[in-house]
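There is one chain below, alone, in structure tokens, taken in the form predicted on its own.
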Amino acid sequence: MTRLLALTVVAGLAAIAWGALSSRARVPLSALALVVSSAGAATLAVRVLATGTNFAWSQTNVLPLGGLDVRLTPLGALFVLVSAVVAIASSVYWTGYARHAMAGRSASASFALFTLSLLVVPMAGNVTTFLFAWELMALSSLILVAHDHARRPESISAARWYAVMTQGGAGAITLALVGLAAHAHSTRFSAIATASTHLSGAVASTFFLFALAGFASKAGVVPLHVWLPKAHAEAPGPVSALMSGAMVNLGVYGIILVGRTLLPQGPQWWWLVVSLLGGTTAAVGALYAATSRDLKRLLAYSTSDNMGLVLLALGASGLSLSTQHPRVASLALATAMVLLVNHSLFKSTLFLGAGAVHAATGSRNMDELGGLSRLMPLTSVTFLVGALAVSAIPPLNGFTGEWLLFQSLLHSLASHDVASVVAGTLAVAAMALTGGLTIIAFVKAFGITFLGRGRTERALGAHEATFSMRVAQGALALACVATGVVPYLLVGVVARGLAGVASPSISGWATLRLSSLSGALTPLFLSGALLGALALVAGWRTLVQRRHGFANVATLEAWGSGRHHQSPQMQYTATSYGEPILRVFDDVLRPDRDLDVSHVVESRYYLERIRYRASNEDVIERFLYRPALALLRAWARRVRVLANGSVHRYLAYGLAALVVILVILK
């Protein structure tokens, strides 16, 4: 296994170094090295999962305060495997996407460093290694978010938001982990877990809340999510896939690491907070996804939506464990991991598809797209698979995760604890709301973007993605189908990954059974029933046409508004499609609307032009962060007088600080 680790690291470092090569060799060689590095990490993870034993390796001379410590547990191996799969697909995709963007030296080296750090974070066995890899991940991804700053000023704004939020989160994580390490007198996670049993409740809760805030910001949890729709939308296509399909997962990994491994005896209210954050995040993410007209921004908000569902499952697991229902707790934790892995597969598919659309048209605004299914057939098919999966349509993989979540919440309602029952009931309501909004969002995303007629010259001039881009999208789409039709391919791996943390009793290949609880799912039967229903509809249509002579019935274009002769302006747009949702949730979303009516010169009774604009800015950003930033700027202007350039004043500041320190130490 040590050789596999060496292969992963050496190939990753080679990919970083090869970023300095000539433009022709830079991308293919770096991508090849990243594929080798990710494959090595995936093989190492599979071996750990297959044997159920930890892999450990350390080197004290590399990093201070504990050295470089690699300790891959089955739980960490599961996250490494998911990151490696997404990284391989993104690296293959990059070789074709580089014709559009990300061909420069800084982008190539940063992409390689970002990928390597994603693989190393779940392998960390001590605080020093974890924080070092975490910072590499944050800084390299920040460079990639700002990659297109010369052409798009929005990239700089997104990078600033991302930098502040990610560094604030990293500060909270550092406080929590360093505090736990100081109490344990060791930076190793195993020693911290042993020593944490002697922590007082108040101290343990303080450390948990710091860790929860830090890791939740990385997972895009409300209200710390404001960076996510900005950064994911502005990042290049393969980077967006890695950020949404791998990086946000590590926020969930951190919550499990602290809440279930380092501080395993947490009180019930911890998980009530996690459930509350999960339900709020799922609802807010789904609402903004359903009303967004930027394709990548829609996908980014959907990431928050799905991470909210994962936190709902984590909260249900912690609540069930605190009320002495270990079987439900194990099922809920397994559900969280199934949801997370499924999200990685279908959201990476969707972001790679959105990257192909952007590369082909130069636009992410769905109001400027349309009719791409004829010009980009494979991209449209893979995007449709991802859209059906995220909407939990059987028999794709998203349906399995949602079914397991419903089962977990349903069984948690059998508890006699009032708080657990109330939390479970609200979680079911949040799940139902977000499920409906998600379907609305992705019907819009696929219908407006790929069906109907092209609305602009950009859409009419689109072309299919390159071969490597199509291969990456197709491979991930096939994975969504395979893990949906045979969900035990995924559930079995998740069960091995949770060895030592939980024992979910889920079995069966053809029929997925909850062995210790009531519940069964047969995806193969659903697949057969769906195909049979489609065959019946097709057969009935053919029979009716032949019997009644409807062979010459005109066929209208899908999403063509039912008209034979129409202009692209007569079709639905993303703005008009989302308008009913904006009106229903007007008091929550608080959109800005502007209606401009122009009359003809000859008579005010005839209209020349009507222009409607709706701005759906994030309400949390508008009413929480922007007022806070305004106060910070006002305070900064006032304290600026303290730095007037006087050496005597600066010496006085130093003397005052020294006196305060001496008083405290005394």
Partner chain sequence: MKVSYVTPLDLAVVVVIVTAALTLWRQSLVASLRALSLQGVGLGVVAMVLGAHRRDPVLVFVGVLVLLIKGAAIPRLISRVVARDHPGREGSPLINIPASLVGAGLLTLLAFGATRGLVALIATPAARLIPFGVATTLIGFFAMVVRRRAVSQIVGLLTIDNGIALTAFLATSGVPLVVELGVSLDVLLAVAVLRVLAGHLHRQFNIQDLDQLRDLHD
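Numbering follows the first chain given and starts at 1. If you superpose the two forms and keep the largest set of C-alpha atoms that fall within 1.5 Å, you have the rigid core. Here the structure is a predicted model, which means the values were calculated and not measured.
The same protein has a further form, the form predicted together with the partner chain, not shown here; the description that follows concerns it.
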Exercise for the section: State yes or no: in the model of the complex, is some non-hydrogen atom of Ala20 no more than 4.5 angstroms from a non-hydrogen atom of the partner chain? Expected result: no
Handout entry: Distance check, Ala25 to the partner chain in the model of the complex, heavy atom within 4.5 Å
Key = no
Exercise for the section: Decide whether Arg609 counts as a contact residue for the partner chain in the model of the complex under a heavy atom distance cut-off of 4.5 Å. Expected result: no
Exercise for the section: Would you please decide whether Arg637 lies within 4.5 angstroms of the partner chain in the model of the complex, comparing each non-hydrogen atom pair? Expected result: no
Completion exercise
Among 621-629, 637-645, 25-33, 44-52, the stretch whose residues bring a heavy atom within 4.5 Å of the partner chain in the model of the complex is 637-645
Practice task
Quick one: name the residues from 644-659 with any non-hydrogen atom within 4.5 angstroms of the partner chain in the model of the complex.
Solution key: Asn644, Gly645, Ser646, Val647, His648, Leu651, Ala652, Gly654, Leu655, Leu658, Val659
Practice task
Could you check whether the CA atom of Val641 moves 2 Å or more between the shown form and the other one, using the rigid core for the fit?
Solution key: yes
Handout entry: Large Cα shift (2 Å or above) at Leu651 between the shown form and the other one, core-fitted
Key = yes
